[in-house]
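In C-alpha cells, the next block holds one chain alone, the form predicted alone.
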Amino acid sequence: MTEPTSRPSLFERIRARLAPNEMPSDDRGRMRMVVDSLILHLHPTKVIVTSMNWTYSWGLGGLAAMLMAILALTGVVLQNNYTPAAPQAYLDILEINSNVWFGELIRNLHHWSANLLIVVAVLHLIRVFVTGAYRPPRELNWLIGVAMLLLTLGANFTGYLLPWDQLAFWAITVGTSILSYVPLVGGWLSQLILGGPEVGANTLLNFYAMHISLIPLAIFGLMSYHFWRVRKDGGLTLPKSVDQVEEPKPERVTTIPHLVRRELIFALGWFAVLLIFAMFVPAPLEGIANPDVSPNPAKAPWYFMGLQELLLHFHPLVGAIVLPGLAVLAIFLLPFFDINLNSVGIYFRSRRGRSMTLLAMGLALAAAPLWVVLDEFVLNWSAWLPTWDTLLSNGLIPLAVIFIPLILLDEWTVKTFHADTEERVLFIATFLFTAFVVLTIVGIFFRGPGMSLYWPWAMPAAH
C-alpha cells in the first residue's frame, strides 16, 4: 500500500516548470519571483498596447486601490491611538495631532484619501458607463462596483463621526435623520444604527465598529473579487476609434515591465500629490461635540448635500427615499436594458452621443439652478394647496412636474436626433447626474443660516 503524497507547494510547482538555470539562486531573486507571481495574479501576462493609454482608463481603478491601501495603513496607526468613547475620542484626536509622531500628517492623509476615494470611485463608474463597459459579460462587475461605491460612502459616513467634534456630531445628526423617513422600519432602523433615539456615545461605538471591521471587510472582499472578474471577463474593454476598424491582431506587450512601470509611476505621482496636500491642508476639527448648541446651518457631509438639498424641495419620503431609491435601482439595472455591444469601448457611444452628452450637461446646468431659485422664491405647493396632504402637495405633484418634462425631453431626442436606446440612456443619465452635482454644489456653497439661499461673496465680513 503506497502512502499518499502531499500536494507540492507553489514554490515547488514554479521550480518544476523552470529550467535549472532559470531558478533564482539567492534570496533577492526568489523574492522578485514571488512579487512577479503576485503581479501576474492581478494582471494577465500580456496586455494590449492601446489599453494602456491614460486617456482611456485614466488609471482610476488602480488609484482607488492605492487609496484603499493608504486608508488601511493610516487607519491602523490611528486606531492604535484612539478610544471610541465620548468625550475621550475628541481628546485622543488632539493627542494624535500634538504628541504622536507624524500623527497630524497621518490623520490628514487618512481624511483626504477617504474624500478623494469617493470622487475617484464616482469617476471610475462614470468612465465605465460612458464607454459601455458595464455590458455583458461585465454586468456582474458593474453591480459589484456600484456596491463598493455605496460601501465607500458608508465608510466615509461612519468615519465622519469619530473625531467627536461639533462638525461631525451635527453632520451625522442631519444625515441619520433621513433614516427615520423609511416607511414602516424607519424608526427601528434609526434606533438600531444610532444605538438610541439620538446621536450619542452608543452611536460613536456603533460607527467605530462598522468603520474598522464590517465595511472594510466587505470592501476588500468585493475588491478582490472585482479584480478577479476583470481578468475573467477579458480585461479592459478595448478602446476603439469611431473612425477606425479594430485591428484583427492588436499589438500586445508583456505586463512586466511595461504595464507595471506605468502603474508604479502613476501611483508614486499621486501619492506625492496627496502627501504634499496633507502636509499643508489640515483635516477639519472644531470644538468638542455639544448636543445643546446646534450650528446654523447644520449640514450633512458634503457627499450627502445633494440629498439634503432634495429634502428642501420635496416631502421627506420623496426626497430622501423615493428619488434616491429609484436612482440606485436604475443604476443597478442599467446593464440589463442597455445591452448593445457594438459601441463597447467607444467614449459616449458615437459622435452623435458626444453631442447629446454636451447638450444634456448644458441643459442641466441651466435648468437645475433655475428650478432651485423658482422653488425657493416662487413655487409654494403647500400654500397653493393648503387642504391637500403634504405628501401630495409637496411630494408627488413636484415629482410629476419634474418627470413629465424629462419624458418630453426623451421623446424630443428621438424625434430630433433619431437617438437609439443607448444614446437616450446616455442623455437622460447625463442630465440627471449633472443636475444632482448642481444640487450638491448649491447645498455646500449657497445655503446659509436657516438653509436659505444666499450669495456667499455678498455676505458682510464678520467682525
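Here the structure is a predicted model, which means the values were calculated and not measured. Numbering starts at 1 and runs along the sequence shown.
Beyond what is shown, the protein has a form predicted together with protoporphyrin IX containing FE; the following relates to that form.
Can we say 209, 313 and 325 each have a non-hydrogen atom within 4.5 Å of protoporphyrin IX containing FE in the model of the complex?
-> Result no, not one residue of the spot touches protoporphyrin IX containing FE.
Which of 176 to 184, 363 to 371, 138 to 146, 251 to 259 lines the interface with protoporphyrin IX containing FE in the model of the complex (heavy atom within 4.5 Å) | Answer to the contact question: 138 to 146.
Consider the chain as shown here, without its partner, and state which of 318, 205, 298, 133 has a heavy atom within 4.5 Å of protoporphyrin IX containing FE in the model of the complex.
-> Of the candidates 318, 205, 298, 133, 133 is the one lying within 4.5 Å of protoporphyrin IX containing FE in the model of the complex.
Considering protoporphyrin IX containing FE in the model of the complex, which of 125, 288, 86, 105 comes within 4.5 Å of it through any heavy atom?
-> None of the other options qualify; the answer is 125.
State yes or no: in the model of the complex, is some non-hydrogen atom of residue 356 no more than 4.5 angstroms from a non-hydrogen atom of protoporphyrin IX containing FE?
-> Contact with protoporphyrin IX containing FE, no.
May I ask you to state whether residue 195 is within 4.5 Å of protoporphyrin IX containing FE in the model of the complex, using heavy atom distances?
-> Residue-level check for residue 195: no, no contact with protoporphyrin IX containing FE.
Report whether the minimum heavy atom distance between residue 121 and protoporphyrin IX containing FE in the model of the complex is within 4.5 Å.
-> Output for residue 121 is yes: heavy atoms within 4.5 Å of protoporphyrin IX containing FE.
Mark residue 160 yes when one of its heavy atoms lies within 4.5 Å of a heavy atom of protoporphyrin IX containing FE in the model of the complex, and no otherwise.
-> Residue-level check for residue 160: yes, a contact with protoporphyrin IX containing FE.
Scan 86 to 113 and note down the residues that get a heavy atom within 4.5 Å of protoporphyrin IX containing FE in the model of the complex; none is a fine answer too.
-> In sequence order, 93, 107, 110, 111 come within 4.5 Å of the partner.
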